[in-house]
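Starting off, we have a lone chain in the form predicted alone, written out as structure tokens.
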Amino acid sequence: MTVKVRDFQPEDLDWVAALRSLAFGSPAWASMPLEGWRGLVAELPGGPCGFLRVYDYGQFFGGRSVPMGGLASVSVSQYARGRGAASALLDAALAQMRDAGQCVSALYPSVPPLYRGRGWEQAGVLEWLDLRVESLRGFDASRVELRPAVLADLDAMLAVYREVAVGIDGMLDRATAGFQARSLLIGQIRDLAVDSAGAVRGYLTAERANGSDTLVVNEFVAVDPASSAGLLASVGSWAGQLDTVAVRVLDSASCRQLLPLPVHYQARLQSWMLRVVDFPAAIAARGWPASTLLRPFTVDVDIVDEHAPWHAGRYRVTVADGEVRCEPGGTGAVQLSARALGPWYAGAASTPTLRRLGLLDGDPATAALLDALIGGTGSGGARLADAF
């Protein structure tokens, strides 16, 4: 039986909300805003049976915002599973994202094999750190002023976030339509760190669930040591009242430098996957800081991607004068599968790793130039601090 895929319509909302609630065990969201995302509905002769949505997002890579389709709420009715509904939805979403100029796509996988079969692959993590509250008591709060955030502070909070996030590959660009900026002001605690001139230098949002002994820090963003210390000191003030604090990590490196982490500590990681939807467009959109330091070179690649045939084939990637260009043609000296593109693009896997996984083939020395272009060994991966 052929699965039909169509665009989501507002009158689908009640049915979709019930499906999503059943699939993910979460509350229905019939009142959720409809802006900032597109939806697709799968139908079998019995009626609608599946749904997904694609957020209008951007991700920072190489210091530039790359248009990204954030795939979410992929769900299929129980009776229709195994009949191709999810695959049909993903195929339709890929074509729509390409047409919308979203040259990469990210998602949090509930069923990794499904997404791997359509070209997504793990490229990074969202991280939480669980700490004893008392470990944060030693921070100095005297160099900044803390005050609650109000609606008028929202632009300043977004600017502080961008100043930090633009330098971390994989972070969400919150200036796009898919991000609900006012969500930063939802919660029990919304503390700002401001300097002597009244400028916002950092912020922290947190909440305590009813009856919980844990303070959940959803956002901790600061652009200088004094602001970081002041905000962390405010969390440490809960010592004696609460036992633990769970911090959602924005900048992994700075958190590990700032926090008094013991040799053994608790970190919770949630993996996310990335797919390159349109290879030439993704090359043009990304920043390439390492290119300014590299001698001129050319890498001929052959993209193998049956589910995105519009970009399958041979390309010549040229690095010269600090610029990176991608044009059709070349010898196809390095073959890359669809699943190889996301981890490479995000700096999550080196070409030797991709070769061991069977996702890359061709001349090793030529392939190594792709690692030089990314500017790393592929061991760290990219970061996200937003769930969707």
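Small disclaimer: the values here were computed from a predicted structure and weren't measured. So that there is no doubt, residue numbering starts at 1 and follows the sequence shown.
The discussion below concerns the form predicted together with a small molecule, not included here.
Chemist: Would you mind picking out the stretch of 289 to 297, 176 to 184, 133 to 141, 84 to 92 that comes within 4.5 angstroms of the small molecule in the model of the complex, counting non-hydrogen atoms?
Modeler: Only one stretch passes the 4.5 Å heavy-atom test: 84 to 92.
Chemist: Does the small molecule come within 4.5 Å of a heavy atom in each of 23, 75 and 115 in the model of the complex?
Modeler: So, yes: the whole triplet contacts the small molecule.
Chemist: So the small molecule isn't shown here. In the model of the complex, which residue out of 236, 313, 280, 109 has a non-hydrogen atom within 4.5 Å of it?
Modeler: Contact residue from the list: 109.
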